[in-house]
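Taking the form predicted on its own, here's one chain by itself in structure tokens.
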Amino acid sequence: MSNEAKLWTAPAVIVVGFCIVMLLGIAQPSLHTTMFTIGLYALIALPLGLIYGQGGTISMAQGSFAALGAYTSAILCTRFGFSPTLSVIPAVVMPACVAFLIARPILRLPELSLALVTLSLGTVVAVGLQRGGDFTGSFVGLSGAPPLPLVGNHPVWVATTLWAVVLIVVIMYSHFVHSARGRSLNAIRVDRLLAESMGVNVPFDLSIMFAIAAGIAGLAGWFYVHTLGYIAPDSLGAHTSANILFMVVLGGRRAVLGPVLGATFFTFANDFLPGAETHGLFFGTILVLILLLSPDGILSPQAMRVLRRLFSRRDRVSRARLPGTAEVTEASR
């Protein structure tokens, strides 16, 4: 497959999959709401797949950045009379600026320490929102956020708009991975010292990617608050960040469609599994199996090779069982 074809494979899969599910939603309208949930998770998870899978930088603060974007937009709309069309810019810029400012000191840390620090950052954001009094709605949260511009609260149009944004992010992701800066980011993941010796400005590049990931998460928070009309400190937080990391690891942190696949699996499994205890047991077992059998996720090259072997072996077995196959094979010998 040529590089040009590879660039458009992931967007094509997104478009075809979305159209199929939305058509099925005519008979099952709840699928439209499910598609919104998947799209929201995918929009938060895609930039994490970029900075973690391509740059080797883990973050447990994506949910908190989404909450920061949601609260920024909700406060501007409910307290200062902004329209959602205008509040989308601060909703993206605010978490991006916060992420850029804290990136330089924390991105030098090892992977485990970085995960703990970003998780702690999520706790700080949640506590700050809870202690914000009437300004942030305290523990109760903020309600009355106006609906999305142009599309309102119509499930089909909301899901379509959200997935259009997801599609744009996937296209940009696909092109970035094959660009010179994408290769530089991969070089940072493989060997930071080697990347620096080749002229890559590692602290700046990682800080920019960290800020972009936070800004896209803030955009997802904007969609969230103006679709539901409500946001609380525990709506998007540490638990969301943990779920997002699970989606990236499950689907494939180095594959463009990995976060989308992980978001799809998580959402449907979450809908069908009964009870919170069952959720924890199921997702924990899946995570352990993935880390043991395919550390780079379902869409990793290793997992794809295993699947190809299984299907080719099954195909050979099925052909061997067909009448007359044995005689043909013997004759060919």
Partner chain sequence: MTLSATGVSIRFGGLVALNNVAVSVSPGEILGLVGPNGAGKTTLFNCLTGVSKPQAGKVQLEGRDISRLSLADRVRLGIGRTFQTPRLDLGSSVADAVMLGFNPRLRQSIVSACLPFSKARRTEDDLSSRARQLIAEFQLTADPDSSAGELSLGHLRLLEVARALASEPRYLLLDEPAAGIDDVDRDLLADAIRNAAARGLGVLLVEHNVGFVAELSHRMVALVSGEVVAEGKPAYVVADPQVVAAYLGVHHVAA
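Since the model is a prediction, treat every value here as computed from it, not as a measurement. Residue numbers count along the first chain shown, from 1.
Separately, the form predicted in complex with its partner chain exists; it is not shown, and the next lines address it.
Annotated contact segment (heavy atom within 4.5 Å of its partner chain in the predicted bound form): 200-208, selected among 200-208, 111-119, 90-98, 244-252. Residue contact with its partner chain in the predicted bound form: residue 124 places no heavy atom within 4.5 Å of it. A residue is said to contact a partner when one of its heavy atoms sits within 4.5 Å of a partner heavy atom; residue 102 fails this definition for its partner chain in the predicted bound form, lying far away. Of the heavy atoms in residue 82, none are within 4.5 Å of its partner chain in the predicted bound form. For residue 180, a non-hydrogen atom is located within 4.5 Å of its partner chain in the predicted bound form, even though that partner is not displayed. In sequence order, 189, 190, 191, 193, 194, 196, 197, 198, 199, 200, 201 are the residues of 188-204 having a heavy atom within 4.5 Å of its partner chain in the predicted bound form; the partner itself is omitted from this view.
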